[in-house]
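Next come structure tokens for two forms of one protein chain, structure 1 first, structure 2 second.
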Structure 1
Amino acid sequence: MSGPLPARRPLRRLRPRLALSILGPDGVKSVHEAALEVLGRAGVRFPSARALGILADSGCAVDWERQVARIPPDLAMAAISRAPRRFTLGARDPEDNLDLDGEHCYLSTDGCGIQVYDLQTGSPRRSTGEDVYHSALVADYLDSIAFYWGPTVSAQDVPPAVRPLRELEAAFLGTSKHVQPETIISAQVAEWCVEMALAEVGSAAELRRRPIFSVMQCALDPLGQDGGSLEASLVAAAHGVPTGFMPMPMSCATAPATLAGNLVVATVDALAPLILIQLAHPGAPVFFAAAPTVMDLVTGGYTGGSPEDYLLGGAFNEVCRYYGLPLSMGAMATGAKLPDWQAALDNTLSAIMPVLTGTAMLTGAGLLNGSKIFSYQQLIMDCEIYSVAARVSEGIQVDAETLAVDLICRIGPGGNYLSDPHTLRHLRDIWRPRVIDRSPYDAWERSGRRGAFEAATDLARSILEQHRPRPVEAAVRREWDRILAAAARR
């Protein structure tokens, strides 16, 4: 890309009209009933004395030695009913606020990669704090990216004790959009992150109204939570900061081989912490999250991109809509090592299924090799994929204006519509690519056979060189320095 970078476009706020059902009402109800039975019979492990105390005081049967709580169905449903069905993910720039209203769908970056395909050398290298800022900067410019998740890459050059805070600072500096870290896994770190957000928004009341960050917790243990993550989320909830829990059940390993069984485990592991939060802080904003998958029967691990992944992603959203709560679904995150045809296949199918089932948030743009390697080109091409999915989900509007009978009769046989005012009114409705090449073959040859990868490379370089996000005030930066210094001393 040459010349000045075009101005940053407003956020793409997708409202899908097409709808896809995988389970159907009876299937969804069966998964719900099975999850309630598992919550009451097997229970869930909560390795936190504070969490277990809240559950015990609320009427759950607690095995303190095993750290397992069994949650009665009536108590579970009463707690679920207290969770708000609609709330806002705020942003440093209020124009970038996101309304989780059950109607819109938003895309985010993926996280937390440990390597970056360097834009200059093209080779993978260890990720740094500067990469957190740069990935947020590119995400800030792209209109398809509604919020920054992760962080996209880990700041491995920063001491682990303060790394989550430095990553949050770099994300805030790089983008004015909402930030959703998955690295806030202790109560103390959560308190410091709340302090940083308060320094920016100005008051506790404003933070509740416009939470500029939210907390995502990932759960790998089947029917089990992480103690530090639970306590961090309780801190966040006390301040009105939205929190979500992402179970990652893997069929044949941490979940039954059957997809329906996998959905039951995912539902239990999403419901259990939500119930805890509502018992402790009724009405606190909580969203569902999940990244259900299946084990690769050759490697024994997760590599990303299978038909089962696509089905599980769409089906779990149906389950979440049964409860009326927003879902953040892991999508894209291809297992491909490079931005190639495999990445395009994986990420197209894994994106379109959640979009067509009305998922509120999709996380996963920009990473390769099963969420391990960040690629600027892949991030930009994932946005192209999402724009296609967005256009498909809008369907075809049929009314007097779009049927255009008077126009067709006026133009008549053999006519041309190109210069008609009706065409000019609807010209921008036609999807146009940003990096996909659709030039004639001869022009493509003359360009040196450049394609989407080369165009994405040029765009990424232009963004990094020219785009500047909304600045953070100097007084806020000084307060962040104070908080980070205190955290380092601790």
Structure 2
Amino acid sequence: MSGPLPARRPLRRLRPRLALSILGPDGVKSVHEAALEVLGRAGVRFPSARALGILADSGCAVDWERQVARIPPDLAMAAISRAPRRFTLGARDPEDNLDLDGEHCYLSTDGCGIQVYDLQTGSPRRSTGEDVYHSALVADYLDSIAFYWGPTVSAQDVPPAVRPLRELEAAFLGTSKHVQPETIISAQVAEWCVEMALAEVGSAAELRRRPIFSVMQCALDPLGQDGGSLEASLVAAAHGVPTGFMPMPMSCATAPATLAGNLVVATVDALAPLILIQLAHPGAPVFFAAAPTVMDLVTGGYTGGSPEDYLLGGAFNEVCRYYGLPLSMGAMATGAKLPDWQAALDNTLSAIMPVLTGTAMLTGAGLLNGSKIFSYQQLIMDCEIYSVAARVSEGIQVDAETLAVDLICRIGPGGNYLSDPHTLRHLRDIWRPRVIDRSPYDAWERSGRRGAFEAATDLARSILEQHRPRPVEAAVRREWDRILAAAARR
């Protein structure tokens, strides 16, 4: 059915050269000042005695009953300045390590869906642990996917108590790339995850150098955090495991209707936990994250793509760059139910805006219906979208070689450049599709009208049948079994 699979290529390390500004320096500064004012005046809810204790000890005004800490601007700025501007997301295979250096951009899978469009039947069904492994396996193969975020789908056949650990295990087994779960939401689970990572990398020092997983948390906008998530991140930070917090303020519902106001809420809800972590563990790697959006005015739901989302996505990157912190921007995650025109529109624009505004991480590819249904085809087609955005972000090089004046004069009027050495030298700079259909009409008709979806289906099948990730050693797996058994007993 499927042909031989080309070898896995090194992951794409995109370095955009084009830069887009949405807010401009004055706009960014205004958002920053507004956020500082809100941190000090209204404060942020930290529903964790441990977190509130750290903040109180550092000089924040804490209202213990409301669990709200007001953070003075000076303290906030001092804490922000301790956050490292550059750090590494490690990987089981060090070749897959990602340098968050303010210059590169990396795409991940999306998470955390609850259904899968079954590759055989084409119908949606409930996701399982096997789907976590399979999605990681495909992510491992695709060069546009730099790390595995999620899990892409939830392992709903696994008891909730150990589900995050089983999902982490399945992700590690499926890919040697960095894994960034969003399901580590208690200190205990964080401890177990750190243990699992230690088993793989061998030592605490190596885990600091090469944190093979990082922790993504959700904020509770507006101006709030989740207690378990905060405590989990404090555990991660203590081990040098990077952690980030993703506000998803929704204009009209959890943020002001105005986009600038939305950005203020996003900034406060990304800064507040970062400040906490820096107060507790100065210098611990923390990244910004955000998926700001607007409410659908009819359903009250998540839009999964709108012009406001694209603007917010770009603008929040500018805010982030002001602080010099790496950002993970929620992108793609279309509201479309099928990999169709709407999905392509949403995912193209939501990807290209953060890429052109210097995001470090782009999260993520492969889910439909507002991050609820995983589609292998959408994952592969999202990679194609990203690859287009990547090429656009490289811009146009202008120098003597690329202006090619001598060549143009030599070929002269009416000639062509087809077989010229200059063409042969540069033709591979030209972007080429992987699944986009450019076949002649008749060939397309003869193929049974195959398009990108069908090409993506074939590629997904080939990957699942033929690709095998870098194995995890048996001794490490035995240690994981022990940790999982201990977790199951609790």
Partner chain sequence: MERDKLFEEMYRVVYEGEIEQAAQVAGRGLAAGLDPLDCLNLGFMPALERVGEEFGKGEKFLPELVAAGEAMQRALAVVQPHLAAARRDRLTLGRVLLGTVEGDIHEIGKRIVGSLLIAAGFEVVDLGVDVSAATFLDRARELRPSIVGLSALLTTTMVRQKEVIDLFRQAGVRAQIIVGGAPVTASWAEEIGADGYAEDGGSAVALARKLAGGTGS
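For clarity, a rigid core is taken as the largest C-alpha set superposing within 1.5 Å between two forms. Quick caveat, the model's predicted, so the values are computed rather than measured. Residue 1 is the first residue of structure 1, and the numbers go on in sequence order from there.
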- [ ] Kindly point out the structure, among the two, that is the form predicted alone.
- [x] 1
Open item on the list: How about V392 - superposed on the rigid core, does its CA move between the two structures by 2 Å or more?
Closed with: no
Open item on the list: E95: after superposing the rigid core, is there a C-alpha shift of 2 Å or more between the two structures?
Closed with: no
Task: Core-superposed comparison between the two structures, I80 Cα displacement 2 Å or beyond - done: no
Task: Shift in Å of the C-alpha at D406 between the two structures after core superposition - done: 2.9
